[in-house]
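As a starting point, one isolated chain is supplied in structure tokens, in the form predicted on its own.
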Amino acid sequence: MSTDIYYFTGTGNSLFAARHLASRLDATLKPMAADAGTARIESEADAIGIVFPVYYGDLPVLVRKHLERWGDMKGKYVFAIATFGGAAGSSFQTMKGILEPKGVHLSATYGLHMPQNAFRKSWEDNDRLLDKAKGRLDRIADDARSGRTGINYPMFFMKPILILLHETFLPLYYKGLRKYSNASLGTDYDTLVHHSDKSYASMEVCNGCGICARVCPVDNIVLEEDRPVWLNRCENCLACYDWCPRSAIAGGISQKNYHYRNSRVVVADIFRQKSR
């Protein structure tokens, strides 16, 4: 069975998961960021995997827009893996809402607990989490080969409660995004996310290396006089903040002085996310 695995990553967790899964399935890795300008997304594979991080309890904007551009994927085995530090939230419900009108059935869904990239969890051992995730990904690969269906993620029995919690926290998410984006009440969600980069600034230790611009999955950063300038199409993925080798970027949603990047991924892997 031929398999394509689409992924989106900021600090490396979803790439780590997608790459490990691809190695077990002999699948083709396809970064969603590379297809940002593609009007219609097609795949000739028999099976399609989707690996993505959960942002604000839902799909990242880029992932949602990627799915909205899917062409004819009817009859394929489609499975999705949400990587998160907390829970899948409403991400799978949103995904189904996009795919089902296209006649695409989401065959299987999985949650993968990964290190938190926005704030420190002192009680968690990140290396242990990643090793545990590899074992779970091996089982997911076995499921994909056998065509297993259904909901297969931790706390799935709490699904109604988790969705309710997501709805409860939505006003707080919007409040935070309005703060970061300096936006008014009534500003739509996508604009709030894209303009959240207004909270970023480079510090004196910035040496103009340009890594922030190269890791940005949506080309949202340019250098002017050897300093990064953000262009208000941010995905809130924290790639620029966390991959800066001098920790020279301040602001954003991350806990102050906390920087995370997946230890099994290198910065060159993130650069390649924008290449087919």
Ligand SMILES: Cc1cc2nc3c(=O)[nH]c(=O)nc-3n(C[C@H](O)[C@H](O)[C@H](O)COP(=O)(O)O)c2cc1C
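Quick caveat, the model's predicted, so the values are computed rather than measured. Residue positions are given as counts along the sequence shown, with the first one as 1.
The protein also exists as the form predicted together with the ligand; that form is not presented, and the subsequent description refers to it.
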{"item": "Contact of I98 with the ligand in the model of the complex (heavy atom, 4.5 Å)", "value": "no"}
{"item": "Contact of F79 with the ligand in the model of the complex (heavy atom, 4.5 Å)", "value": "no"}
{"item": "The ligand contact in the model of the complex: A108, any heavy atom under 4.5 Å", "value": "no"}
{"item": "N117: touches the ligand in the model of the complex, heavy atom cutoff 4.5 angstroms", "value": "yes"}
{"item": "Option from 235-243, 203-211, 222-230, 38-46 whose residues, in the model of the complex, bring a heavy atom within 4.5 Å of the ligand", "value": "235-243"}
{"item": "The unique member of V61, L67, A33, V54 whose heavy atoms fall within 4.5 Å of the ligand in the model of the complex", "value": "V54"}
{"item": "Residues in 73-110 with any heavy atom within 4.5 Å of the ligand in the model of the complex", "value": "T83, F84, G85, G86, A87"}
